[in-house]
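Quick setup: one chain, the form predicted on its own, written in structure tokens, and binding and motion questions come after.
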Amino acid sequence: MTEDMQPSLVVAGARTAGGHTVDIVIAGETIAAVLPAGQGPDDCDRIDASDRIVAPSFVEGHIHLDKTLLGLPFIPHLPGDTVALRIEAEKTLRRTLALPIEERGGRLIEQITAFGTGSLRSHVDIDTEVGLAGLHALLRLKERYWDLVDIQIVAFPQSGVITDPGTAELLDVAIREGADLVGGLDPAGIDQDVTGHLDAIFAIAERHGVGLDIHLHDPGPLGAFELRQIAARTIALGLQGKVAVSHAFALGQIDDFEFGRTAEALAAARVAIMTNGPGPVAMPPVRRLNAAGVTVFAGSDNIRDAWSPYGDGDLLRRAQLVGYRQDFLADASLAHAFAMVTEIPAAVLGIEHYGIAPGKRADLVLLAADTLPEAVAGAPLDRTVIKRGRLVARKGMLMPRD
């Protein structure tokens, strides 16, 4: 700790994932030192963490802030047998909503930050009906809640690119106006033009030097083919490590040969896979993908919206769900489930200030558990959340903001 870093807060006596008991000394927004317990200064504010395990704050890998219906009376689920039908049902509902995105999305941000989320990646609908209105709302939310959460925005063509002429141009403008990544959706299933769809979104990414995060629900060998096409384009444009595919149900539906060559392509291109531990559908096999060198991270996806009445944004419970779906029983597997909502998505999102070490951002969550596996198994609600070196939530409740 340098002389010009004056301590402002000490998290005293916290247990680390490695089993050490430490004092974390914070100066402003930054971790200044990690010392053996009892060695931290006592002339500044202190948080007693003697019965807590400490971790970097949760990282939400996939959420839709613009879609949530939080703040409205409960709206029954709108059924649809296909993705296309559900898109149309959502658009019909969207036209009737009285509560603006900023109000609904703001409620969701406050809810998830109280659970311990410090960074997130949100997709936002871009189409020729809503234009860039959703993007502008999320940019305002990003500014309003800068002290609670860091927000990445994906310009998401929910209605397709080829089937909704003009959307490609809107995606281009969205990146120029503040979106961080280009999205995509089911090149075959929605646009019925794999080459045209991928050419369009990768061209925008190349033009602006940004990454991509593509929704892919297309099943079986078709979905696997699209994944290999995504990987090939990623390598061709030098975007390794900057592309993710969300859902990728196909990876849980194909034979060993298809899986092997698809996983090999994804690993070579460093294309990451996001899963939310979905319901009655196949999900990417996490262990097999990890063994093949493919990064898999987790996210909440839809929370109380037209796509699903479920979800609350608690990433510790999401890790628990993913672990349950993947038969993660041993401590090492439970710890990996925890990593899927912390360090793994932090790397995918490119968060350089992440971690518990001097010089890192003081974004921390203290959990009422002895170990990370216990935290995943029990998902305790008794949590203390620190963002940018400031106490922001306790036991699921936000502290007053300045």
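Start at 1 with the first residue shown and count on from there. All of these numbers come straight from a predicted model, not from anything done at the bench.
The discussion below concerns the form predicted in complex with a further copy of the same chain, not included here.
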| query | finding |
| --- | --- |
| 4.5 Å heavy atom contact, G323 and a further copy of the same chain in the predicted bound form | yes |
| Interface membership of T30, a further copy of the same chain in the predicted bound form, 4.5 Å heavy atom rule | no |
| Proximity of A291 to a further copy of the same chain in the predicted bound form, heavy atoms at 4.5 Å | no |
| Non-hydrogen atom contact G160 with a further copy of the same chain in the predicted bound form at 4.5 angstroms | no |
| Every residue of A37, P56 and G241 near a further copy of the same chain in the predicted bound form, heavy atom within 4.5 Å | no |
| Answer option from R144, R261, H77, K91, heavy atom within 4.5 Å of a further copy of the same chain in the predicted bound form | H77 |
| L329, A267, V173, A236 - the one with a heavy atom within 4.5 Å of a further copy of the same chain in the predicted bound form | L329 |
| Option from 310 to 318, 116 to 124, 216 to 224, 174 to 182 whose residues, in the predicted bound form, bring a heavy atom within 4.5 Å of a further copy of the same chain | 310 to 318 |
| Contacts with a further copy of the same chain in the predicted bound form - residues in 188 to 205 whose heavy atoms fall within 4.5 Å | none |
